[in-house]
Each structure stands twice: as structure tokens, then as C-alpha cells.
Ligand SMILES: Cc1ncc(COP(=O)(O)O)c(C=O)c1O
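We begin with a single chain expressed as C-alpha cells, specifically the form predicted alone.
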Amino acid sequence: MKQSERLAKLPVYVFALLDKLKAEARAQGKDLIDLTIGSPSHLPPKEAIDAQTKALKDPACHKYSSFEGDPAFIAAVIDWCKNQYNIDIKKDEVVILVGSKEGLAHFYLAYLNPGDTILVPMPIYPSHFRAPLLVGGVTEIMPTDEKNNFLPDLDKIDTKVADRAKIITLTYPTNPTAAVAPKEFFAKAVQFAKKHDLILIHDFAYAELYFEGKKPVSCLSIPGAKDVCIEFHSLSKTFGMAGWRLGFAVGNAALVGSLKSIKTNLDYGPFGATVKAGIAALKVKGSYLKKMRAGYQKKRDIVVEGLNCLGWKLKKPQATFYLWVPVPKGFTSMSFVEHLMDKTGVVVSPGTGFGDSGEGFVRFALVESDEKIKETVSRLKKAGIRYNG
């Protein structure tokens, strides 16, 4: 049985290899601390859990979801966007998603024809370069590194490449580097998109996971951004609802409408009870988000300070629950992952999983308990793991 060409063209998925290595290690009785998957450790708000529990008894929630989405959820999204990011969204500028990853993949399907070019910064979350490949798109890489704060230099993009491109994708705060983009960068990106007639995608999954009060910027807060931009939001990271599969996209009405058109042919939308829970989550008041941020900031501080005692010179990231860590001399990304797992039982992600430019780095996802996070540092110290760069 021969696979489709689109599937066969995908590069090797290093996380599949990593899963195999973890399974083999566990079969041998290895006690692993798994810091590979960015699955939040904080629980959803009680209000969301209670809303879902109550909704399970509502017969209407067990029917097909409306293509247009629950009006109450749309209203909650509009209020959320205004209150959190001071952006004005209308009803026809919202689409509910079965998680933002699903929405992004369907959006590429709505706009990319075989051979169309998409501009993608790298390193970046794999879906942003793998999903376009699945629909026949051509990815043009915008390299980023620590010297430019992992922001692509838009001035260095070849004009011919920019003019033939159809989409530019951005995502700040970024998985895996934890980079944050200032408002000035988004303003420049909006003008760049307009100049070259590009659709601007902004994946804003980590919008609320920030530290020291340094709130990330919504691309849609830039005047005129809505002319070209669609922004993807997820309840997974903000409210610890990763397994619930719920998100939304907001922005240009035509872009949102095209995504809705694709979705009407491919799915029905999230489970109705989950939507009710999402409404409750978006309306949560009080200290929930502050407590969530404080928890990850504590984990961040433990690991950054611990690694710096072992020779690294890491800066504390302003957002996300990731650390982008250079590997010691003599190792590749994957060989260091294997060495670390063998010597300590700590498992991290190889940088190459986020694109070729991720070579030389690994990603720590700080999503285990405080005890496990402390033990991570302790195991590295006991094993004599040090940075020699």
C-alpha cells in the first residue's frame, strides 16, 4: 500500500524516534523524568470543570455542534480579546476551533495551492512547516538566532521571494525558543505583509504564559493589522485544557470565513460540553492566571539557576514554559538527548525537531511537578553533566 506523495515527502519526525527511545528505556525499568511534551501541568479552572460536568447532563450538548459556533462562546471570546489585549473583534471575525493546531492545519488547506510559498521562521513549532508541506506548499525559511532575539530580519528577505509568497507565519511567544516579539516588530511585520500582499498568521498560543508582568503583544493590536492578519488562540496553555481540544481564531473576516468554509466540510467543531467549559474559563476572574504564571516562573527559576551552576549561561525567558538550551561541545542535539536520558533519566526534546536550525540545542518543557523539576537539576549534578561551550 503506497502512501500519498504528500505524506512521503514529510521529513523524519524526530519525536517518533524519541517516543521509541522512551518506551525502550521504560521497558528496561528506567525511571524517566519526561520534559519533552509541552502539556501543561496546571489544572483547568474549577469553574470550567463544573461547567463541563453540568453540561454533560444537557441532551443538546450530545448533538452535532453548530458550524457557526455557540453564540455565548463567541461573545466570551469578544470580551476576552477586548479585556486582555484591547482588540475589538466582531462576531464574523471569530471561528471556534478543535484546538488551535487543527485550525492552523485547516487554514493552510484553505489558502495554499500546490507550489505556493509560505514564509516561516525557524526554529519553530513543527506544525508550522509540516502542515504546509501536507497541502503541497513550499516553505521558505526565515532564519532566527539568539543574536537577533529569535526574530526574523524582514529586511533581509529577498524581494522576489516575498512577492511570490502567499503567507507569512509568526508565533510569539515562541515554542521552542521562548522568544517574545515587541510591538515595533509586529508593526513592521504588518507593513511587510501589506507591501508584499501576504496573509499574516500569528499563532498566539502562549499569550497568557508570561513572567514579571511583561505581557506579550497581540498582532491585532497593531493599527491596520486586521486587514491582513488572523490570530490563533488556544485554551490549552492558558487554562490547562490541552486534552479538551478547544481554541479559536480571530481577525480578518474574509480569512476567518474561509477557515469556517473548510471546517464545514471536515468537522463539526468541539464537543458542546467542552464549549460550555470554555465559556466558563474565559470568564474566570481573580487569581487563577496569576497563580498559573507564578507556578511556571518558579519552575523556570529552579532549572535556569541549576543549569547555570553547571556551566550554562542562560537568561530567564520572559514567557512560555520552555528553555532553549545549547548542548555541550562534542554532542549533536540528538546525541545529547540520548546521553542525558542514559545518564540521568531526564528526557528533553532535540532541537532538530523544530527545524534544521535547531541543531545544537535541546528544549526543556517545564511541565512536571516542582519535586520532579528539582530532581531534574539534582540528577544532572550527580551525573556530572556540565556545559563546556
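The shown structure was predicted, so the numbers you read here are calculated from the model rather than taken from an experiment. Just count from 1 along the sequence shown to find any residue number.
Another form exists, predicted in complex with the ligand; not displayed. Remarks below refer to it.
When the ligand is considered in the predicted bound form, C229 lies well away from it, no heavy atom lying within 4.5 Å. Although the partner is absent here, K101 lies within 4.5 Å of the ligand in the predicted bound form, judged by heavy atoms. Of the heavy atoms in Y206, some are within 4.5 Å of the ligand in the predicted bound form. The closest heavy atom approach of Y322 to the ligand in the predicted bound form falls within 4.5 Å. S234 is the sole member of T274, S234, T177, S218 with a non-hydrogen atom lying within 4.5 angstroms of the ligand in the predicted bound form.
The contact with the ligand in the predicted bound form, taken as any heavy atom within 4.5 Å, belongs to R245 out of K166, K260, R245, R293. Residues within 4.5 angstroms of the ligand in the predicted bound form, judged by any non-hydrogen atom, belong to 235-243 and to none of the other stretches in 191-199, 235-243, 108-116, 140-148.
No residues of 267-285 lie near the ligand in the predicted bound form, the criterion being any heavy atom within 4.5 Å.
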